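Take a look at this single chain in structure tokens; it is the form predicted on its own.
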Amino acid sequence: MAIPNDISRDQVDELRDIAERVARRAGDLVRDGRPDRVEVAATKSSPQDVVTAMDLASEALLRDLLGAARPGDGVLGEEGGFTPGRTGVTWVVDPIDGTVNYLYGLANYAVMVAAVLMPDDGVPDPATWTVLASCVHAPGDGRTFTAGRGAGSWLDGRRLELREPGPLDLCLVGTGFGYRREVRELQGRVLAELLPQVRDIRRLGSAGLDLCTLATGGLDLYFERGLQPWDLAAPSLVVTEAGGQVSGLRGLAAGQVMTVAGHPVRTGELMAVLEGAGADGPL
């Protein structure tokens, strides 16, 4: 993927290094500071959609570290919202992706940090921004994914290159579910239609690690409804820099209505099934 003309490769490398450094620091806090019993601090879209005190502490640390490293940049965080900057670069952070896994003591969660270049109007929108660099760090098992625009994507120093999968009926497909009843009802209907047409379905509980697992070949395809900008920014670059495609349905960009990812030779087949099943339909 081409680097924007006003951004150099050295700048991309610097942003990637910062993303990795702050994600690892927050990951240490999240992992080492986890009590034996994690309490829910708040809920969001439903009682099942939880926030822990560590989500808040992790994002506060990320904002402090990024502010020290890059004063003047904006920050968009899952818990703290959007703080505009003046440099054109905005950091998009998810302090714990997979909070319910973290709540239950499951290792499949991540700290995600991405640097994006936004248009002049400064609106944080995955359809219009350009992701420059990112890190997805999994404190539970130590995996660290990094990517730089035009510089490839990596897992713990190993270059990632997406393999071409077999036919759809031999594809292992990852997905996730929303927390609102009406979303889950629609997702259940879609899943019932898709399941007989693929090898199997996996639901790991962290959209970011699902996408990064796809980049390693651990999944063949991935789709999910309801992803937010902080869910997409960091892992989408890992996928695309590994040679994958990340998009929505019906010619739209990836986003809250639908995200589909995989090797470009196979994503169209999955999109056709999802469109036929009305996966992006009204709720």
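All values reported here derive from a predicted model rather than from experimental measurement. Residue numbers run from 1 along the displayed sequence.
If you look for the form predicted together with a small molecule, you will not find it shown, but the lines that follow are about it.
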With the partner removed from view, which of 153 to 161, 138 to 146, 88 to 96, 124 to 132 is the stretch that lies within 4.5 Å of the small molecule in the predicted bound form, judged by heavy atom distances? 88 to 96
Only hit among 165, 77, 176, 74 for heavy atom within 4.5 Å of the small molecule in the predicted bound form is 176
So, 213, 220 and 266: all three within 4.5 Å of the small molecule in the predicted bound form by heavy atoms, or not? no
Residue contact check: residue 189 to the small molecule in the predicted bound form, 4.5 Å heavy atom: no
With the partner left out of view, is residue 59 within 4.5 angstroms of the small molecule in the predicted bound form by any non-hydrogen atom? no
Hey, in the predicted bound form, does residue 241 get a heavy atom within 4.5 angstroms of the small molecule? no
Are any of the heavy atoms in residue 181 no more than 4.5 Å from a heavy atom of the small molecule in the predicted bound form? no
